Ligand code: AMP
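First comes one chain, alone, set out as structure tokens in the form predicted alone.
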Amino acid sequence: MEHPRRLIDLHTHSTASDGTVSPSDLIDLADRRKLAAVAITDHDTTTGLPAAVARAERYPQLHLIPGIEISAMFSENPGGIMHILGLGVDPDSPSLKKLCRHLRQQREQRNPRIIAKLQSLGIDIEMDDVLQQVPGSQNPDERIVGRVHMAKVLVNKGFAKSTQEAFDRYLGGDAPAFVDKERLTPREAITGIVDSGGAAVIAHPAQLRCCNSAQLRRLLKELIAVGLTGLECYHSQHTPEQTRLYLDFARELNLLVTGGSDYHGLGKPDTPLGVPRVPLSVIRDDWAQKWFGDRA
């Protein structure tokens, strides 16, 4: 059956991680934007998915794809980062639950170290201040506490004028209170996603900062060898030239093409849901059938 809607957004974040819109409200917004499909891909967690699934039942023309975004080790290019999206994952998968639990524990160990560095800079901040910025923070087995929540405290207390300034002055990679987090190897992240039934997709490949197309091709081939499924060719920060390059690579290497906004709500006010406009038709037939069935 032909789907009456044409556009998708397979990269979004809710209040379950570092977004400012709840999972339920994000689903409402996706329907108002007339999307055919939306994926909620919170960092290191799937805890927002049950609420999203329940709300999505109200909208028969909108398909929710359960997802996650995981940071992986990547030191090949200075300043480059590797994020891997899991699309169509099973949140109840034992392997994915184990992976999320490990990532959450690493965050819990990192956060006090950042707080201590901020305090050493003369900043009046406690972990309780940070937890007040985290929805559902009473349940430590579900919460994802990160730098964005600390940035909000810094803004509220007048140490920064904006979240971006808080990162620039205190929390970013070159700032005095930065503490890096432990990352999974690409193989570990990809295996956890694939074992849960999902597609493992390189997010925003421009952020890998590959020095040339040959390096990117080599890297993608190495990741395909350990199970990589797809490439996020469409992204809100990609130039048209980058998008064309990534589409060429996806075709050459038989990778699933995906795309999304990387929506965070007010955390990225210049990144609206549904932009760039990603056609539903870019999803390869085998994955379209798996995700949408007779609605593809």
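The shown structure was predicted, so the numbers you read here are calculated from the model rather than taken from an experiment. The first residue of the sequence shown is number 1, and the count goes up from there.
There is another form of the same protein, the form predicted in complex with ligand AMP; it is not shown, and what comes next is about it.
- Of the candidate stretches 88 to 96, 103 to 111, 221 to 229, 123 to 131, only 103 to 111 contains residues with a heavy atom within 4.5 Å of ligand AMP in the predicted complex.
- For the chain shown alone, residue 147 is a contact residue for ligand AMP in the predicted complex, at least one non-hydrogen atom being within 4.5 angstroms.
- Put simply, residue 213 is far from ligand AMP in the predicted complex: not one heavy atom of it is within 4.5 Å.
- At the 4.5 Å threshold, heavy atoms of residue 43 reach ligand AMP in the predicted complex.
- None of the heavy atoms of residue 152 is located within 4.5 Å of ligand AMP in the predicted complex.
- With the partner removed from view, the residue among 185, 164, 156, 119 that has a non-hydrogen atom within 4.5 Å of ligand AMP in the predicted complex turns out to be 164.
- In the predicted complex, 18 is the single residue of 18 to 32 with at least one heavy atom within 4.5 Å of ligand AMP.
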